[in-house]
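Next up: just one chain, as structure tokens, the form predicted on its own.
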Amino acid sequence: MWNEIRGLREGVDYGTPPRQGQPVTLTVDGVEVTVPEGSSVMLAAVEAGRAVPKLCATDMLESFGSCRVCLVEVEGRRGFPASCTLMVAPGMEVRTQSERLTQLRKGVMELYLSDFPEAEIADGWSEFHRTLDDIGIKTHGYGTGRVHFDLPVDDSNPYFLFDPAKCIVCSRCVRACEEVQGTFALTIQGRGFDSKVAASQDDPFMQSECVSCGACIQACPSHALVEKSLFSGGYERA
């Protein structure tokens, strides 16, 4: 029902919320598509049947532009803008696939994989794993460096758990807590390598301001936040 109200197709993530405005016609990979003014190129690409790989974007949240996986090329423009934050324009010609874009996306995903548990890659079913499949990558060329694998799992909440080893710090859970639920219980603490998702003042989830609404779990693309009911024998980090 919610997708019907928003004018979206059930089971399809457009990456950014729909807009209302005058129609704008552009081409995506040679496919002509018309969307409302103010729509993102990412949304237009989905409408054209040319969905762009993504991680930090979802149509339940405003665009953020942090993951750099959804890069595209635009005729007549320099660089590789993020399609989730790039607005459509009349006559715009967008390319979602090229050798250079493939190289850039693989480079980004290799960085994510360098700090993601290797044992969790092969059999994962999260959006992160689907993106790996879409881009065609399962390994990275980096050596052994600093990782977050030793951070403890927070299973204090009876309904879900948080495994920071699988967190890619995309901020989707933080944004969902703010934009969907309005609780503001989650934040990103620290900078650089030390950046991490924290509940309230870095408290266990059950002792924080979290109200167990589930918005963060729905938003998480890597199953760092995941329902306990999915693990009948209990959760064990691989």
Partner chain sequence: MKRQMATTRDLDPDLPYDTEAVAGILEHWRDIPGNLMPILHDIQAALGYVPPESVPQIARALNQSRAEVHGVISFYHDFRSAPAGRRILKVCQAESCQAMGSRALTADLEAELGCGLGETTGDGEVTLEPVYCLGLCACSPAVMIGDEPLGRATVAAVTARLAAKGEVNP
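Predicted, not measured: the structure shown is a model, and the values here were computed from it. Numbering follows the first chain given and starts at 1.
Unshown form predicted in complex with its partner chain; subsequent notes refer to it.
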Inset, instruction - Would you check, heavy atoms only and a 4.5 Å threshold, whether Val52 touches its partner chain in the predicted bound form? - result: no
Inset, instruction - May I ask you to state whether Asp202 is within 4.5 Å of its partner chain in the predicted bound form, using heavy atom distances? - result: yes
Legend entry - Any non-hydrogen atom of Val31 within 4.5 angstroms of its partner chain in the predicted bound form: no
Inset, instruction - Could you confirm whether Gly38 comes within 4.5 Å of its partner chain in the predicted bound form, counting heavy atoms only? - result: no
Legend entry - in the predicted bound form, residues of 204-234 near its partner chain [heavy atom within 4.5 Å]: Gln207, Ser208, Glu209
